[in-house]
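Just the one chain here, laid out as structure tokens, in the form predicted on its own.
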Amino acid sequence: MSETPRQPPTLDTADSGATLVAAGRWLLDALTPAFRKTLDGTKGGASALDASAVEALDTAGALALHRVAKRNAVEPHGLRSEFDALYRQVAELAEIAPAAPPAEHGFLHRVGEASHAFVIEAQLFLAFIGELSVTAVRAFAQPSRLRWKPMLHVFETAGWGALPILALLSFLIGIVVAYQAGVQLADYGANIFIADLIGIAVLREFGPLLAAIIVAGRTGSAFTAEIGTMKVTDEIDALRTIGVSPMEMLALPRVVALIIIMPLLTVFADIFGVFGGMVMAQTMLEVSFNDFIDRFLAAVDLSDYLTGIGKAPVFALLIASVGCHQGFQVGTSADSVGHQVTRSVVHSLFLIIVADAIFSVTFSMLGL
């Protein structure tokens, strides 16, 4: 028994073009590009659409038939009952207007959104600081709860690993400051006062600030990436499942270790910053090392040194807290890790500069 040939879809005219006649199988696989082009080229003006000869109809065919009917402002008649129900449903959905694109918001709206996001971020960070403080009190009340192995790892990576780059940049900063100041001092014959400027500038500002910036870029971002990756891989949820506090296991050791190591890094930055100034002073201003050191000891007080060292633990607390907090804010995708790492570095640098400005104003008011 031979198979009945499949009738392709057709759209013809009758009654001198007053009536359109749809016939055949109006199915997706039969709606060829050539037939679709024919449908698109059909001119309007017909007064009726006869679909009684349609043998098969699916949603694609119903949509094509609806477009022909809409172009001629007519309704198809003669469809089988099952075809007519499908056609009515497709026609109803086709008439639903697409969602309008969101209107572009004005300046005040964008300011409001940014302010709201800032408030939410501040609330989350304060909540993190509160939880970290409670965890720290509990851990120091029971020293056996402290995780020493992660702390030693931070000592190695954030401390020992940062020494080469910190030494190089501190040395270069000392050279740059000495050069810029030396040009002015040489005009007035005040070469020896380069020791005063280098000593105060490096010990009070550049040493702790440079150490904090380097640690924020190296270590703070690493904290975020490490914790964020653990969250993406569900390791943090696994810690909670076995009864281990992620705050106690991951955040507290990093914060404590960085607070301990940052003053030592600041001392290291001070040494190489002053040494860079000494090299430039001897090279450009003909101030020997012995003269530089004598003037340095006479001009710089112990308070200048302790002022810079005192900033270091505060900077460390900000960097470690922001880094760990942003790590816990990572979502479920790898892109989120990169996004939060960027936020971690930006927020850390912002808070460091703000804290340094507050220190400067406070020390000025106290006469330090």
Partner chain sequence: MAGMDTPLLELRDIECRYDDGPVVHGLSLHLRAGTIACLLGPSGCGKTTVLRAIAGFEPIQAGEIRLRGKQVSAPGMTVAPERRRIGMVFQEYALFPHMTVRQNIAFGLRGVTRDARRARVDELLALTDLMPCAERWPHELSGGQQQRVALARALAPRPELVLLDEPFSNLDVGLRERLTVEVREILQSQDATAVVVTHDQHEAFAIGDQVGVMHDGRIVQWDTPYNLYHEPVDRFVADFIGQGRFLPGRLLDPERLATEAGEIRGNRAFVWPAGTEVDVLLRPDDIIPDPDGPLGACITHKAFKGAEILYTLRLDAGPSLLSLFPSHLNHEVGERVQVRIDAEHLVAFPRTEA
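Residue numbers count along the first chain shown, from 1. Think of the rigid core as the biggest set of C-alphas that the two forms share within 1.5 Å after superposition. Quick caveat: nothing in here was measured; it's all calculated off a predicted structure.
Heads up, the form predicted together with the partner chain isn't pictured, but that's what we're talking about next.
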*Residues in which of 243-251, 285-293, 172-180, 272-280 have heavy atoms within 4.5 Å of the partner chain in the predicted bound form?*
243-251
*Report whether the minimum heavy atom distance between Ile192 and the partner chain in the predicted bound form is within 4.5 Å.*
no
*asked:* Is Ser144 near the partner chain? Define near as a heavy atom within 4.5 Å, in the predicted bound form.
replied: no
*Find out whether any non-hydrogen atom of Leu239 is located within 4.5 angstroms of the partner chain in the predicted bound form, and reply yes or no.*
yes
_Proximity of Arg218 to the partner chain in the predicted bound form, heavy atoms at 4.5 Å_ = no
*Of Ser133, Gln89, Thr233, Gln184, the one that lies within 4.5 Å of the partner chain in the predicted bound form (heavy atoms)*: Thr233
*Given that the partner chain is left out here, which of Glu113, Glu95, Glu82, Glu156 has a heavy atom within 4.5 Å of it in the predicted bound form?*
Glu82
*Comparing between the shown form and the other one on the rigid core, is the C-alpha shift at Asp304 2 Å or larger?*
no
_After core superposition, I'd like to know whether Val54 moves between the shown form and the other one (criterion: C-alpha shift of 2 angstroms or more)._
yes
